[in-house]
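Have a look below at one chain only, the form predicted alone, in structure tokens format.
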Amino acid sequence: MMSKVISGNEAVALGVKLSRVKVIAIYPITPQTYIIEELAAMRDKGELDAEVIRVESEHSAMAAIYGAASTGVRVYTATASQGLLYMHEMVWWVAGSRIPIVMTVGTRAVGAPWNIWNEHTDFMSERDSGWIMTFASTPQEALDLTLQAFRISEDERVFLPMMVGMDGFILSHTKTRVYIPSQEDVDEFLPPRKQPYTLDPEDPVDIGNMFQPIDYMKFRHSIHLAMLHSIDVIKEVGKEYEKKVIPIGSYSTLNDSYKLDDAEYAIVSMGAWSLDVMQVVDELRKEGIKIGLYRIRYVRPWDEEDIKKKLGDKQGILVLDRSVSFGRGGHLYLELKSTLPEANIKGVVTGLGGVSIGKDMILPLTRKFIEGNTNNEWFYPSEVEKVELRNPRYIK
């Protein structure tokens, strides 16, 4: 194992290379473009033994690796924002065909209006598609989860595609020290891919054919059960990763927590700003306020049992969302409220479209929540008090 100061994009590219991926479909969209540029450069230098396919759109990127994965080889692609929405149809086809694929989503706001900065709405919009969905909080975790994603998605108890999210620009372009495993350690952890159904001219099979209603429903049920079974697989893979690959970090549980065991209040968050929340927890603990963090690392599967165990006894839960379901609220808030309907949960939507939200803003927001003065709301930096549109024009 060695360490380097690299960005999240570079960490992911190294994880894909170490996974011995054989087919990569590439189409540029910021902030993930640097990942596929790195992979293309590795291939040109002879460091990566993979076929790199340049396609004309994100829809084609997913279609290309869908076909390649159906022949039994390990595949990869990356996207963001409008690109993820453009490939939305193929995202569902892959999950519905039970084809293991790994994809990175460098999260970014969705237009209109045009905006290239960070937001989680693109990622969260795919939570019903049948993909396993995990989200990194550091470049190290982006690499670790990418390596684990291949192993989890290709497990015979799962056979579902998996996407790894990371905050666009905040993680994708920020450089920190990342521990990189050796190829030998990854090879021991990640065996060659196997799947029971492959496209082979010598043994023809049909994938994605027309199903009668009852068979279609049974197949949908199988995806639901596979998603539930993946909880045990994720825990097993996480423990093995700690033992065989990188003995830092903690992956024995789907989600993570910080100073939560004796806490009376909890903040729930996902992604890079969870580290800011940890600083807020430390500040409030100095004042004698018992508060902790519960960090969502897996959106799908949703670890309902652990959430009830860790958060069910809290006096109050504040959920920070960098995404929104218009007219309803933040996605994580809605998920938490359905899991703990009787709990005192307040949701705050903030940080959309790259609005900078750090410790200094989360701290007063949390104080307000503890004082009982927070309703479900949108939070802006202090200089913004309200949002107004121009008066509508009526056409006679």
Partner chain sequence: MSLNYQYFPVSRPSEGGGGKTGNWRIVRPLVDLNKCIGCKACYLWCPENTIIPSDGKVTINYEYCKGCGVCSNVCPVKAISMVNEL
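Only a predicted model underlies this, so the values are computations on that prediction, with no experimental measurement involved. Residue numbers count along the first chain shown, from 1.
Omitted from view is the form predicted in complex with its partner chain, to which the following refers.
- Residue 225 belongs to the set of residues with a heavy atom inside 4.5 Å of its partner chain in the model of the complex.
- For residue 211, a non-hydrogen atom is located within 4.5 Å of its partner chain in the model of the complex, even though that partner is not displayed.
- For the chain shown alone, residue 97 is a contact residue for its partner chain in the model of the complex, at least one non-hydrogen atom being within 4.5 angstroms.
- In the model of the complex, its partner chain lies within 4.5 Å of some heavy atom of residue 218.
- Contact annotation: its partner chain lies within 4.5 Å of heavy atoms from the stretch 89 to 97 in the model of the complex, the single such stretch among 89 to 97, 287 to 295, 174 to 182, 313 to 321.
- Using a 4.5 angstroms heavy atom cutoff to its partner chain in the model of the complex, all of 197, 203 and 229 count as contacting.
- For the options 305, 128, 261, 156, the one in contact with its partner chain in the model of the complex, meaning a heavy atom within 4.5 Å, is 156.
- Only one of 275, 116, 207, 73 lies close to its partner chain in the model of the complex, with a heavy atom inside 4.5 Å, and it is 207.
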